[in-house]
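The chain below stands alone and is given in structure tokens; this is the form predicted alone.
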């Protein structure tokens, strides 16, 4: 395994968990990114301030980390934009169909012992394992 960084992964996981707890304590809301974002798209919604602040922090944190010398590696994206758009649409459809995204179900839902979130997270993991196995070992990617 070329990129095994357990200490930084543990610290990152602890910070994500801390942010989810702080959001729940301060607003009573679950830190599911798809739900936070979809709340911004609701024109009649009144609680947009914390949603904007949360999403801004989510986007600014890696930028600030890069400024202080902890930059991220550039992700490897497919060369074909059609693949990226199709993947984004599938993620959005899956998020709506599953009633939440990986962060909402995987971090907050599992921590709350929600049976729906445990089932959704198990399905996310199985599909991810199968997808990696097929793309790497069958398709040769």
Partner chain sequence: MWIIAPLLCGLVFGAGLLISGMVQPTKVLGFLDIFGAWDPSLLVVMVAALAVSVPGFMLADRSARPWFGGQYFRPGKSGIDLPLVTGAAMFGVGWGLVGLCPGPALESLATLSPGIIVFVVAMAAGMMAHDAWQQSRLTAQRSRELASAADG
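Residue numbers count along the first chain shown, from 1. Quantities reported herein were computed from a predicted structural model and do not represent experimental measurements.
Absent from the display: the form predicted together with its partner chain. The rest refers to it.
Using a 4.5 angstroms threshold between heavy atoms, residue 67 stays clear of its partner chain in the model of the complex. The closest non-hydrogen atom of residue 6 lies within 4.5 Å of its partner chain in the model of the complex. Using a 4.5 Å cut-off on any heavy atom, the residues of 66 to 90 that reach its partner chain in the model of the complex are, in sequence order, 72, 73, 74, 75, 76, 77, 78, 81, 83, 84, 85, 87, 88, 89, 90.
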